[in-house]
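Next up is one chain by itself, shown in C-alpha cells, the form predicted alone.
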C-alpha cells in the first residue's frame, strides 16, 4: 500500500503522540502510585522514550513532509499541524538528541529528589540537581535564540507571543494594585474567623464532596479519574483519559476542595478538545496561560462566589463533620474568602495569589540571567516573601521547596499563572455579556458556562494561538484591569471599605 505525503505526515505525528501518551502515563504513575525504588529505572525509560519523540520531531522525513505540504495545504487542521510541527522542528533541532535525553533523565530524577528534600526540609540535598537544571535551561535558551531577553526563549515554551518586556510592564501594575487592596483589607474592621473551617475533616468525606462537584462541573469520570498526590496536577493523556489529582489536608478541607476544582478546570479543557485533533500536536491546550485561565476561572470566579455557596452549602454540610451544621452561611462564606497572606501558593487566597507568582518570576528570571546563584535562593525567597506578602517561611519546605516546577526544569512556567488569572477575568467579563452567570451558578447548573467555554476556547485545542483566542473571545489584548476590578468590587463588599 502506498501512502500519500499527507498520510505519512499524520502517521508520523500519531507515532510521536503515542510515545508522548506513554511518557505522560508514566509521569502520572511516578507522581501518584510508583514505589520509590522504581524511580531510577522509570527515569531511564522516560529518557529513552523522550529521545524517540525528539528524533521524530527532528527527523529529515518530517522536514520533507512539512516543506512539501506547505505548498498546497488548504485544510485548517493541516495548516495548523504543519505550523506546530515546523516550529517544533526548528526549536527541537537546535537541541542535540543526547543533550535532550540527559536533561529529561535529570528532570525525572530531580522531581524525586525534590520530593525527598521537601519532606526532609533539606534544600542542600536538592541544590546540585537544581543547579544542573538551571544550566540546561540557560544552554537551551541560547541554542533556541532570542531577540531582547534570554528568558523570552523559555517563556515561549509556555506562553508564545508574551515577552519579558510585556510582563515587566503589566506585573508591577498588578502588584501595586493588589498591595493597595491588601492594605485596605488589613485596615478593615471586618474579621473572618478561619478557625471555623479548620479541624478534623476525614479524607474520604472531602473526596466524596470533591467528586460530586467535579460531576456538576461536567467532568467526565468515564474519561478520567481523581487521585492523591503531593502536588496537585491534571494530565491529559488523550481526550478520553484526562486525570485529576489533589492533595488532602484533614485539618483544612480548602486545600483539597479548591485544589480539585482548580485541576478540574484544567481537565474540562482537555476533555472538550475536538476529538478530530487526536494524535496530533493540536490536541492540547494552546498555552499554559490559557490553560490556567480555565482552572482559575472555576476555582475563583465560580467556586469562591457567593452564588456557588448559596447553592452548595447544604451539599457541603451533608458531607462535612457535624460541627459545620452549626456554622452560619455568612460566617462560612466570609471565612472561605478571607484575605490573609500565606506561605503556600496553592493555599493562597485569590487576592494575594499573584504576589506569590511575582516572587517566583523575579527569582527565576534572575537565575536564568545569571544575576543570582541557586545557593542564594532560600535567603532571597524569604526576603521577597517578606517584602510582597509580609510573611517569612519558617522552613525551606514551606518556602523555596514548596513547588515542583523548578524540579521539573519548567523555567518560564510561573508567569502563566498570573497571566491565566488576567485572562480568566477577561473571559469572565465577556461571558457575562452572553450568559447570566450568577443565575446559572446559583441554580447549580453549570452546563451553559461549560458550553460557552468549550465553544469559544476548549474545542480548538492548539489550533489557535493564545493571544488570538484572547482577542477573539474578549475583543481586546491582555488587559489587567478586569482582574483588578473584579477583586476590588468583590472585596470592598466583603470587607466593607
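Positions refer to the first chain, counted from 1. Not measured: the values here are computed from a predicted model. Whichever C-alpha set is largest while still superposing within 1.5 Å between the two forms counts as the rigid core.
Although it is not shown, the form predicted in complex with another copy of the chain is what the next lines describe.
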| query | Do residue 442 and another copy of the chain come within 4.5 Å of each other in the predicted bound form, heavy atoms counted? | reply | no
| With the cut-off set at 4.5 Å between non-hydrogen atoms, does residue 251 touch another copy of the chain in the predicted bound form? | no
| query | Are any of the heavy atoms in residue 386 no more than 4.5 Å from a heavy atom of another copy of the chain in the predicted bound form? | reply | no
| query | Given that the partner is absent here, does residue 241 sit within 4.5 Å of another copy of the chain in the predicted bound form, heavy atoms only? | reply | yes
| field | Whether 82, 89 and 413 all lie within 4.5 angstroms of another copy of the chain in the predicted bound form by heavy atom | value | no
| request: Name the stretch: of 26-34, 432-440, 62-70, 448-456, exactly one has residues whose heavy atoms fall within 4.5 Å of another copy of the chain in the predicted bound form. | output: 26-34
| task | Consider the chain as shown here, without its partner, and state which of 311, 183, 369, 278 has a heavy atom within 4.5 Å of another copy of the chain in the predicted bound form. | result | 278
| another copy of the chain isn't shown here, but in the predicted bound form which of 146, 221, 316, 329 has a heavy atom within 4.5 Å of it? | 221
| said: Given a 4.5 Å distance limit between heavy atoms, list every residue of 39-77 close to another copy of the chain in the predicted bound form, or none if there are none. | reply: 41, 42, 44, 45, 48, 49, 52
| field | residue 304 C-alpha shift between the shown form and the other one of 2 Å or more, rigid core reference | value | no
| request: Please say whether, between the shown form and the other one, the C-alpha of residue 98 moves by 2 Å or more once the core is aligned. | output: yes
